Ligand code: RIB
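Just one chain is shown here, as structure tokens, and it is the form predicted on its own.
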């Protein structure tokens, strides 16, 4: 079984990602850590408990992490996408799991879980990278137990929170640069360039609802996003970024990677939070950034069918 940890800021699309990780067999989901991002940290922790209760994960540890970025800059949450509660207005209708968040901070619980593992662990980061950067700084020996880090973040053709920056990277560019550029972790970046192409149709969502109660719950959480993405894309599709990143963790290689030199802009100008890709093949000298795997292509039908089948196996 694949040992898996998810670091997340639920968030509508995070709920889909958590539910996929919790569904079916062959994945050993050991821990969920939360961070600020789509909504403030106190809401994301509660939202994780609600989503996991919906998925039947009554005893899975959940630990609350960072409430803000490393550099302490003020942020705006993405409530215009996820609703004020982070779950599309559905949080108040979802039961809160009886087992609360762990009493220790997320980074401590994360370090302990990694060190206790007999094999390398896949970590999926669905929000700002503050918790992962803090782990690298405070528990490098535990970070060494991460076999692979799958990051939903970045965008090379433009951003979604500024003209140049994707939301997760923009929330904490200093943390993102430490993790993506300055660490030696095996990183797979799943950027907007790919997730925007992986949107699902209303027919697909109806098929997800038909898989059972979890699919029904996810459909209700996402109901308010259809109109927003229709205005953005000019067609009736739902973009579920984090679901795609978790799919790559569950089925390694379902997203075809490209080796790319990537850097993160952590300055304070208009490009703050941008991810930069250097794809020049003729470059002989030193490059800026670090060469990592970037998810570049995929078979949409295969991806969507596998996800539905996994929810159907619950």
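From a predicted model like this one, the values you see are computed outputs, not experimental measurements. Numbering follows the first chain given and starts at 1.
The same protein has a further form, the form predicted together with alpha-D-ribofuranose, not shown here; the description that follows concerns it.
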| item | value |
| --- | --- |
| Contact assignment for alpha-D-ribofuranose in the predicted bound form, among 47, 275, 38, 34, heavy atom within 4.5 Å | 38 |
| Listed residue that, although alpha-D-ribofuranose is not shown, lies within 4.5 Å of it in the predicted bound form (heavy atoms), from 123, 218, 87, 152 | 152 |
| Distance check, residue 117 to alpha-D-ribofuranose in the predicted bound form, heavy atom within 4.5 Å | no |
| alpha-D-ribofuranose contact at residue 160 in the predicted bound form, heavy atom, 4.5 Å | yes |
| In the predicted bound form, residue 156 touching alpha-D-ribofuranose (heavy atom, 4.5 Å) | no |
| Partner proximity in the predicted bound form: residue 109 to alpha-D-ribofuranose, non-hydrogen atom cutoff 4.5 Å | no |
| Stretch in contact, per heavy atom within 4.5 angstroms of alpha-D-ribofuranose in the predicted bound form, of 88-96, 138-146, 163-171, 101-109 | 163-171 |
| In the predicted bound form: members of 1-23 within 4.5 Å of alpha-D-ribofuranose, any heavy atom | 9, 13, 14 |
